[in-house]
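One chain comes next, on its own, written as structure tokens: the form predicted alone.
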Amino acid sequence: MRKLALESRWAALGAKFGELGGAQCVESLGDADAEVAAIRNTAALCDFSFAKKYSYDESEGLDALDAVLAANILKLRYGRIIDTFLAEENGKIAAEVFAGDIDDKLILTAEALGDGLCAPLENAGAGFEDLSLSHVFLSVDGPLAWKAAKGIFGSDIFNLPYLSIEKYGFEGEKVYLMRNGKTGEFGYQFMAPNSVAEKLLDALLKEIEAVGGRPCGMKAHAIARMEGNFFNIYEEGAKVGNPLELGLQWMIDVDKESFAGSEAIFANRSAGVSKKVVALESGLPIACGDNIYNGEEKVGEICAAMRSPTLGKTLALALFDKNFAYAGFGFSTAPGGGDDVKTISRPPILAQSLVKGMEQE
């Protein structure tokens, strides 16, 4: 298992460690509810270094990556990021991939179900360099996350739209800043060499503490993702796999002739999906694997479920038969039982970043 470069620093902060995709991660720092509250109200710092991180020469990398990724990578513009995925040959999603174009390089981060599933990205040639062990990847999320980014790199960060990437200097090293949040709030991710990782961590901790924020783990971040309606490959992605059932058609360029897994995906698209993922809420502690019933008929199965401290109820995603995959209806978790879950529209929360914007002093 790949270890976090900052493992000892996180341990000193009281971190409990877990595993995501074959790599170590910070699972929590003792109070997931407080960590979610920081994401929703101030700013939270999380270590995403478990993700795979790659660099390619831009000139060759565009063609090489376009051959395997679902989006049209040839349309990627300088300073921008494309959110897409890498699929296995059976069409199941293997990794969510963010591809950015900056400094004559393509910078990729991949949240993968396993390191071995990223082989098509690592065999692409094109000046390939694996940064997974040499770089850290830290994320600051929350309505005041922009203040942390501004505190490190100055007012230039106001020029960064969502899904953008820029290069900055930090302690004599090159750091990539990505505006790429996955919680519904402002989000900035910092990719830096290990040589300055501790100094960057200290600087970010100082910035988030100045606005009343705190460090957080991936458990809290996963809850915030579900609240914000952002895909999580380690939850519903791992349970369902089919990108069409998951509603990830927007990550695919259907005009491409081929990419990894495209034959299976296009065949499924032509035949039509029979199931779809829908969000629901409940006052009960429902769990992944629970069945959903309409009367005596099983019509769905929970594929991800988490208690939302923001809403004070359980939020879940369920894979429904397509005839029942609509928001606004009550169902039961027991055959013939009364309605104890309700399908809902997403996202179920209103992000404070949308309400307040970047409140400048």
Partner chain sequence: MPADIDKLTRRRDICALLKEKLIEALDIPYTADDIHEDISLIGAGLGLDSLDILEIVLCVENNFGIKMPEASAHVLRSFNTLVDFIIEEQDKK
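None of the values given here were measured: they were computed from a predicted structure. Residue numbers count along the first chain shown, from 1.
Form predicted in complex with the partner chain: not shown, discussed below.
Under a 4.5 angstroms non-hydrogen atom cutoff, the partner chain in the predicted bound form lacks G312 among its neighbouring residues. The partner chain in the predicted bound form comes within 4.5 Å of a heavy atom belonging to R346. Contact check for S282: every heavy atom lies farther than 4.5 Å from the partner chain in the predicted bound form. In the predicted bound form, the partner chain sits within 4.5 Å of a heavy atom of Q249.
The candidate stretches are 189-197, 109-117, 139-147, 272-280, and the one lying within 4.5 Å of the partner chain in the predicted bound form by heavy atoms is 272-280. Think of it this way: in the predicted bound form, the partner chain has a heavy atom of just one of L74, L133, V254, A203 within 4.5 Å, and the residue is V254.
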